[in-house]
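For this one, two forms of the same chain are given in structure tokens, first as structure 1 and then as structure 2.
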Structure 1
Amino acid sequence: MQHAARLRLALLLSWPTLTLLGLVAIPALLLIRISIAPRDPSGMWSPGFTLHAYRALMEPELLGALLDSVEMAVVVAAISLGLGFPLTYLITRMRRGQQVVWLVFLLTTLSLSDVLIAFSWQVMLSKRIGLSNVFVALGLMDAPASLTPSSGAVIACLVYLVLPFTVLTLFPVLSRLKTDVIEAARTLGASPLRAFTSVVVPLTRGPAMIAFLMAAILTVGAYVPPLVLGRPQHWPMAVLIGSTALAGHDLPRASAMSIFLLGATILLAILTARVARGRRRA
């Protein structure tokens, strides 16, 4: 009887592992298999073995796109954390009803498609009805102008997409932060800003690094905002992967580029974890 109960428990606990294998491991193995297959323009790829797709990764265009992807991810993650951390802290210090309103608003933004958001930003930054007209009215610009395509437009749109995830990641930790420590710092003469930077930030450094890493991972594979709002010469790796697979009909090369981007994302995660661990020891 006890053996049967253990068997049922083992079968029940095996579902997460089987789900992980089905949704992650099997597609990854298929991606690796396609990346080492010869290209077949009529059938996308053919049986066989070749490393031609991986040799093509050393081209300056692809290396530049990879660096642009990582740089964009780090910049967006840093801005999202810089905006999201104080915003989350302020939300946790509000009354319960106000917190619910803010959280519902953030969850509502997550229901919007990134395609809709990207094209909305394109309209908002356009010459005729965009923000440039507001800047002209404020005296910041001489004449209306289109603010796209530009790297700033891409970063602004990505920050808008990632900021809710950053706030929702930090909210549980900051909401459990005891106010006694902050009040003690204020009692000792620290200003509100000094208490925030010297008490709140060190106590929540680990979750902040997790929020930074999540924002970077969500950004490094961004496709629609860079395609709609960015310049072709600054397209990140994800856009080049899509054009290689769809327009170039070269699935092996697109698969190799995807593995390359995945490796860079894993390396970024490892470096972020080491930085967080080093700061925690310090």
Structure 2
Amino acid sequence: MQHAARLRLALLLSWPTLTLLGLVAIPALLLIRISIAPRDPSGMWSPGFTLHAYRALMEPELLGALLDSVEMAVVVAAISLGLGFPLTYLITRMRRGQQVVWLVFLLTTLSLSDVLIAFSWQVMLSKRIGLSNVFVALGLMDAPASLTPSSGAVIACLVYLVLPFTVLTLFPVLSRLKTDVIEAARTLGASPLRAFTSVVVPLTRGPAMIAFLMAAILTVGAYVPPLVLGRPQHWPMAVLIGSTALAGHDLPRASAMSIFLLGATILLAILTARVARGRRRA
């Protein structure tokens, strides 16, 4: 490339470089630095070095919260994939107009604030007008009751939040999936289940894994739904990080907890990738 052209390119990329490196890369490094800094009573941190925040991570309460986070992530991701996969497949086979309606609908729910969705679920599960009244009418319950706080409420709300992301992740691959391949397998005598496992699964394994991971990451990072709909004794890591930073004014500790949570998320990602790959070999 000529000198002038290179200069122009550098100039063109200067603003994106400044913002992306300045606001993402540097702050991420800063997070690591703060996590090993001593706490300052003013709510910030002071210069120096200590592993105090990391030592505090070994408390059983925090380890339990981390386990809760990971368990919830796996459950929500599995449910979302189980529902999202067939849903996406059916959407990709619809007529164009219907497809657009579903996509606009999903994008709208996707973009709605988790605050508004958690609030909606709280109203939906309330004793006064909530779902329990429907259950009473159906004879499934004796009297209306509040269905929150409970783990079920948190999981329902999280599946609601995550499902549109699952669909949008699977949409490209499933809309490219040719129906003739499946039909060919069926003509050759494969049962529907076998056609699915031997034709559809290998073709969509990668995106399905990404959809699973995306759902897991969104769940791990979710702060509002467990806070509004969950039981305090089951508060996941995200809620504890938030309260450590906001109510506890302990940024070093919140940073260390964030790194801890991130580490667990990466571990989960590696495990998921290994499971997805392991099945291919079998």
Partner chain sequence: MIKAAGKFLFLALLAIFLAAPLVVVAGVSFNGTQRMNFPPQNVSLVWYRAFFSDPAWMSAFSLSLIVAALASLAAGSIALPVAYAIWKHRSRMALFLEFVARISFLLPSIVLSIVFLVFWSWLGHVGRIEDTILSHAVVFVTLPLATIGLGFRSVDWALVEAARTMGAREGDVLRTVVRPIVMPYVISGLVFVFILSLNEYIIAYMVAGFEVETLPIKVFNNLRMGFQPTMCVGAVLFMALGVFAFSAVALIGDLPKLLGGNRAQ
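Rigid core: the largest C-alpha set superposing within 1.5 Å between the two forms. This is a predicted model, so every value here is computed, not measured. For residue numbers, the reference is structure 1: its sequence is counted from 1.
Participant: Pick the form predicted on its own out of these two and give me its number.
Facilitator: Pick structure 1; the other is not the form predicted on its own.
Participant: With a threshold of 2 Å on the C-alpha, tell me if Leu262 counts as moved between the two structures once the core is superposed.
Facilitator: False for Leu262: its C-alpha shift is below 2 Å.
Participant: Would you mind giving the Cα movement of Thr19 between the two structures in Å, after fitting on the rigid core?
Facilitator: That residue's C-alpha sits 5.3 Å away in the other form.
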